[in-house]
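First, one chain by itself: the form predicted alone, in structure tokens.
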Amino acid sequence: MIARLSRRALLGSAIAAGAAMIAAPAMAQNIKIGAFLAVTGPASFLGDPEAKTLKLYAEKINSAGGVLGRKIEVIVYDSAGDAKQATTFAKRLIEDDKVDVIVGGSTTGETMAVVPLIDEARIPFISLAGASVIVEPVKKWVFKMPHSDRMAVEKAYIDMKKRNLSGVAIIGGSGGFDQSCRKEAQALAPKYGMKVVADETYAPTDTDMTTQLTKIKNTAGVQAIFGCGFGSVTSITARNYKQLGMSTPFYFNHGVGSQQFIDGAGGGAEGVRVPVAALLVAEQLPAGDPQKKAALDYGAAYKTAYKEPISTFGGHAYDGLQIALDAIKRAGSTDKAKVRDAIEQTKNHVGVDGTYNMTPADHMGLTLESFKLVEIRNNTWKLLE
């Protein structure tokens, strides 16, 4: 099977079936899973593990016989986190590659940019991005894997309340995910007895957040800080926080669920609290936790294959691929309407992000209980609850 190359020669090639395909010309056509991911660029810490995960599990599934007697072919394009490129690649996946399902969209901006194409093409799309707006209101052909930004805010506010903290400062970027998170933090504050007393924004290209953090430091009534964002700018924010000698309890949303955040912060992430998927603390989960085995198995497979730490973002791709293939199995075909319906009927699917129960009114299917609150201690994740 000839591999398909992305414009940036992503991972050397798209992911195709192995040599067995050459020896079996009579086999049914491959099941094609398309993806556009931020493998390079500012959001590469999202897209790189996502692409690697899709490659790894396509190979694993094919070596075990495929799905419905067919091999899995994953075609990945590197969008570099750019919405315009995402649109171009989504169109190519639909019209030229003729994929059966799309599992991708590392960022909210990319995801939302392609929704009109998805609706027009009537193709199942499982996004790997975090903002609530992706599935609220429900979009017939669109689903998402990660917990939402709203859930991240709720998890943080619940913990702040337990610590008798009520005056909140928000700091985040100007991108789609950051702004969606900011709106959720503002809107949910009264419900949890919080008051937003400061709100600072930075540009995605900023390399120093000292000015914004100094304003927060000098604002009366700030008892906790909540960071909205992802990527290297979040590490810079944590690093500047440390440099300013700040001690105000600091929380971030789940967009920092990667060892790269901790390493990039230069010690500034110590003590930061973050809601994350169970994957990051799989070894610390109690024996009876339904996610423990799935998370441990994925973590072991990924670290063996790539010799690098796992991140929640690779986990999103794992869950997305598994849910897509499970739906294809239950549909008994790659008929797009049948697969869409099967995804929407997903019940009790245990993934590394949580146990998914989707409905026509809920195209994410996760609950707050599957979100784990952790604190960064000694440069790693410590489960708090």
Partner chain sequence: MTKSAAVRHAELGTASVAEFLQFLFSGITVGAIYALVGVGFAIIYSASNVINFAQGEFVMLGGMATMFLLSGGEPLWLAALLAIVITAAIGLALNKFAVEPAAHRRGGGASVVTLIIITIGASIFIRGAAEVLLGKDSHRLPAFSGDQPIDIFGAKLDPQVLWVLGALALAVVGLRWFFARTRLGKAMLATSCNRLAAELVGIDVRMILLASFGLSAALGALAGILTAPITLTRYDIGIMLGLKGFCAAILGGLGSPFGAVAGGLLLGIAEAMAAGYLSSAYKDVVAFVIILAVLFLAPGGLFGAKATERV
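Positions refer to the first chain, counted from 1. Please read these numbers as outputs of a predicted model, since none were measured by experiment.
Not on display, but discussed next: the form predicted together with its partner chain.
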### Query
Which of 184-192, 156-164, 275-283, 238-246 has heavy atoms within 4.5 Å of its partner chain in the predicted bound form?
238-246
### Task
Consider T40 of the chain shown here, and say whether it contacts its partner chain in the predicted bound form, taking contact as heavy atoms within 4.5 Å.
yes
### Query
Any of the heavy atoms of E344 lying within 4.5 Å of its partner chain in the predicted bound form?
no
### Task
Classify D208 as contacting or not contacting its partner chain in the predicted bound form by the rule of any non-hydrogen atom within 4.5 angstroms, answering yes or no.
yes
### Query
Heavy atom to heavy atom, is Q322 within 4.5 Å of its partner chain in the predicted bound form?
no
### Query
Using a 4.5 Å heavy atom cut-off, are R330, E369 and S370 all in contact with its partner chain in the predicted bound form?
no
## Note on the structure
Of G271, G266, P290, G299, the only residue with a heavy atom within 4.5 Å of its partner chain in the predicted bound form is G266
### Query
Which residues in 133-153 have a heavy atom within 4.5 Å of its partner chain in the predicted bound form?
none
